[in-house]
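To begin, one chain is listed below as structure tokens, in the form predicted alone.
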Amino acid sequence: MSTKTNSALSELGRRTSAPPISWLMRIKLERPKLVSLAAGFTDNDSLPLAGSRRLMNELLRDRALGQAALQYGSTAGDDALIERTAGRIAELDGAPAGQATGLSKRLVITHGSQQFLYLLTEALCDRGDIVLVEDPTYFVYLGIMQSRGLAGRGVRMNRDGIDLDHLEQVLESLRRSGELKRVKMLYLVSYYQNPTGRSTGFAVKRGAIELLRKYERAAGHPIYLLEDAAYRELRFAGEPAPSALSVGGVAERVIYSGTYSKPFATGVRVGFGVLPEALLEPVLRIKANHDFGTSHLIQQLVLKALESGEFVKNLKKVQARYRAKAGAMTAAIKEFFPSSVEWEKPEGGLNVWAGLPRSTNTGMKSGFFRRALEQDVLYVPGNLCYADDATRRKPSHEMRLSFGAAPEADIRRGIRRLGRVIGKN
């Protein structure tokens, strides 16, 4: 691209960097023999091909339903899908049916949860605003923050979510520096977190909300908790905590993001979000300018999957597949990784988070990463999952290993190759 063309770009266009995941995905396509434990694709064999074909045929066979499905819908989303989605959230939370009615009035259907996260950030944050994030966090959301010109402050994690004492320390330091007024929200990936696989306990969610409300007066505006529950239904062990929506009296402070892409089919790209009333209309106005509304045809496919039982039937298959694949990865790690590597057994989601000795640099420009590519294995360098935060150095000794897309044989092969690289380090 010429300099003259570059000068015509907007500030946003000039500022936005290419997501690292784009390169990580492209290199797999360029090198077919490469075992990729990097890209968070879902399992091909669990995609609901036959069920989706049957449901789509049923939908388009009916003239009235087919015509409606192929027409524009509303910006907020199909009313029946909104009601079903609100009911499913309430069911997962173990809440009474009456709670679903309140949720449905604040719910919007989006093109994947990624669009919801972007729309919300666009509606809530100006350049220079601050988002508090887990340390580490979902690096694709860090890309949204980077493109919008936002600053991130990391909050350390424990096994059950963020460290509340450290959250308070961060909030207090921002109050003292006069930066608290720029803090708009705390972003948590609360179930089987990407990248660590950890889940946030209900007491931690409640404690985080209490701390945010404690500092609101000094901030001069609401500070929201954004709960990203994209991996919530990919549980294959343990018992999950209720969402932050279950904390009493927080409807105007909690934002909830979810998706049908991960538990059903990533290609459908149907997500959803529950918003405080004060944010609902601004987000819908912005969404209307983006797309008029999420694909009505795909919404109808998801709705029929929910109504027919196909969604739940396939979800059980998905959960079983990830249980097996997680087992294959952890068994291989036990066999091929030295004891100096720290890792945690996942109870859901798509990833295992591994920490090497701190003297080992796993970054994309490191000798370790180069040697892994020479062994035809790919991982996500852990430093990509940390916000740019001047108050601490980014750790550079970790890696995210995804068992979502690779077959069990490739998982074992990839871990064995990584173990070989670690052993030579």
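These figures come from a predicted structure and were not determined experimentally. Each residue number is its position in the shown sequence, starting from 1.
As for the form predicted together with a further copy of the same chain, it is not shown, yet the points below apply to it.
By the 4.5 Å heavy atom rule, the three marked residues 175, 330 and 397 all fail to count as contacting a further copy of the same chain in the predicted complex. In plain terms, the part of the chain that comes close to a further copy of the same chain in the predicted complex, with a heavy atom within 4.5 Å, is 279-287 out of 279-287, 80-88, 155-163, 236-244.
With a 4.5 Å cutoff on heavy atoms, residue 45 counts as touching a further copy of the same chain in the predicted complex. Residue 265 belongs to the set of residues with a heavy atom inside 4.5 Å of a further copy of the same chain in the predicted complex. Proximity of residue 377 to a further copy of the same chain in the predicted complex: non-hydrogen atoms within 4.5 Å are absent; the residue sits far from the partner. For residue 118, a non-hydrogen atom is located within 4.5 Å of a further copy of the same chain in the predicted complex, even though that partner is not displayed. Of the residues given (106, 304, 296, 321), 296 alone sits with a heavy atom within 4.5 Å of a further copy of the same chain in the predicted complex. Site annotation in the predicted complex: the residue of 27, 373, 364, 49 reaching within 4.5 Å of a further copy of the same chain with a heavy atom is 49. Residues from 212-242 that approach a further copy of the same chain in the predicted complex with a non-hydrogen atom closer than or equal to 4.5 Å are 213, 216, 220, 221, 222, 224, in the order they occur in the chain.
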